[in-house]
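What follows is one chain in structure tokens, specifically the form predicted alone.
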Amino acid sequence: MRNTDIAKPDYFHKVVDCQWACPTHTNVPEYIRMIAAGRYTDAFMLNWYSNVFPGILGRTCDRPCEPACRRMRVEGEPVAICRLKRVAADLKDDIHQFIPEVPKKKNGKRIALIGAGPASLTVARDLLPLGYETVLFDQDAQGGGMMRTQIPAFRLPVGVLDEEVNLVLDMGVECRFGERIDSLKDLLADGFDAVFIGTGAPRGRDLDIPGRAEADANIHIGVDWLASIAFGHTTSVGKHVVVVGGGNTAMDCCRSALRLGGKEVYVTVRSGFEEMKAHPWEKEEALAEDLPILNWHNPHSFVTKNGRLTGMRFDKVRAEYTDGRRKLIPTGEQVELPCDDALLAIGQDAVFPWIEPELGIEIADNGLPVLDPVTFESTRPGVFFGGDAALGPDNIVSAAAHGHAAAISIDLYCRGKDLHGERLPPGLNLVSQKMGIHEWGYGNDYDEAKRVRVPHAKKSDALANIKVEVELGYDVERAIEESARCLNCDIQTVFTPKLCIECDACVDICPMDCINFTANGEEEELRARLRVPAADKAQDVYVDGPLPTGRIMAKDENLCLHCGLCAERCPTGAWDMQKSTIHLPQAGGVCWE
């Protein structure tokens, strides 16, 4: 194997698995250390510069960081990264003095933002300090997009949503709420220098089965029904409710129905429980509220009486798999469930009936725009997409990541620059944490501490009012306890071959047997003969050498706990613990860390 080039920003960035997995690459270990030190405002701002919505995401994020957490490989329970983010938001001081200053003199460029969701808000946040005028259009009366319309208040309090949306709007966004865009052609004719489309995936899928037309008054598309609740138009539901679907929206629908008066609320899913698309914690929350989830139920028909919905009929099915593809096979059994209202949460689509074909914006067969995967520019120069409107239904943090990328592109486009060639690359800093011979500038004790559970509101209180937040969040004591579980994966074991005397003391002391001094070889062969074979090829092997004996050092990054014992034991300082900080450019070349 070739020697590892640790100067490349992506090498140690990838070792910090949680940060690598986060779409906005938030510096997770750093903000967790800040929380442990009581620096809540600093932790909030570190999050805000990267993911823009710390308090919102601290309650609602899909948590791609947590399955990647190194704790998962040690004891199967990740650090509560998401809920610690909420701690920073809940306990911060006033942060307005840290919001970037927006120049009074503008640069002469006007940007149209269509849709007031997380992607558009991120674009505005990034462009406003550069002197751009941003004009935000949304058919709803308030900003937030799907964060407002699709996430119930018992998961995301309106006050938290308003605070973080307004942090961006108050920077100087020109808001045109209640103004629907029906023609992109007309908007382009208004003289905007660039357009960003962040309209989400607003169309919920329907269910074309017998009885649909007759029962229309009591059949509701899940995302529309949740939006109607958010804006106060829907305040009640029937006593018997059937929710069709197994994703996160279905979980929000069934829990909302329970709070609006539903006495018997059933969730019906065509798949098995484990195959449901809802996150495990979303399913757990529904089950904790005694909501039955009926698996292997395939919708057959709506049952009506005198033109009114009275029930739903389902075919019981089982799954057969051929070449990895699932086929649902009817068992011959049918089930009928009584229902006054049916909520359909079976998927969403992005739709663009207001984009005229002659504009040259190519839409693929899947209904999504054809985009440059780096710049998010469409096939019409100057028109960019992001969020669910770009790649289909995903999550808030991905929408923020798209917004950052698109803002860089819009800035380059408006300045006549090459959208690829003049995009700044990420940078990397490595700083030694050595304080003394056996003392480090970070905590490196390893403890098999179990994940600290998040307190919940009393069930009877939570179910009595749809605005009562279910999760109460960590208090200071719990936050510190959970923060201590972070293994500080951004503190890297850095090896200097010329200082090594090959005493193998580091090999002896390593608790994970991840350090090897051995003959070099091709990667597959070398991985197989390490002290612990490095089978996970998604994780790198750190290689350096040759050493005086001809051997090389090979360390499996997958096993390393970043405990620093190798550096403490090394008599020559060949091993050092160094904090790696990735610097990711935003619009205008601004970097956050």
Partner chain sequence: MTWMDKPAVHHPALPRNALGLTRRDYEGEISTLCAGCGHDSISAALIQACFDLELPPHRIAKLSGIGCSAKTPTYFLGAAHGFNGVHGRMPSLATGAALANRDLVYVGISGDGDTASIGLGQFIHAIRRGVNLLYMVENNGTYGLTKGQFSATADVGSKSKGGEANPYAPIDLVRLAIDLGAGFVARGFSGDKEQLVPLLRAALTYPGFAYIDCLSPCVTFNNHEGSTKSYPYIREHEVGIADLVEPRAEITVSYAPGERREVQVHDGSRLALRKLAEDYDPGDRAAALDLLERHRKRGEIVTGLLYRDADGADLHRIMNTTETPLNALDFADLCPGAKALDKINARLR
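Positions refer to the first chain, counted from 1. Model, not experiment: these values are computed from the prediction.
Below: the form predicted in complex with its partner chain, not depicted.
D513 is the sole member of D93, D513, E362, D190 with a non-hydrogen atom within 4.5 Å of its partner chain in the model of the complex. Note on contacts: among D445, D206, E333, E179, the single residue with a heavy atom within 4.5 Å of its partner chain in the model of the complex is D445.
By the criterion of a heavy atom within 4.5 Å, D504 is counted among the residues contacting its partner chain in the model of the complex.
Using a 4.5 angstroms threshold between heavy atoms, R73 counts as touching its partner chain in the model of the complex. A538 falls outside the set of residues with a heavy atom inside 4.5 Å of its partner chain in the model of the complex.
Interface membership of R551, defined by any non-hydrogen atom within 4.5 Å of its partner chain in the model of the complex, is confirmed. Heavy atoms within 4.5 Å of its partner chain in the model of the complex belong, among the stretches 496-504, 381-389, 104-112, 305-313, to residues of 496-504. Not one of D10, H13 and I35 is positioned with any heavy atom within 4.5 Å of its partner chain in the model of the complex. If you take 553-567 and check each residue for a heavy atom within 4.5 Å of its partner chain in the model of the complex, you get L559, L561, C563, L565, in sequence order.
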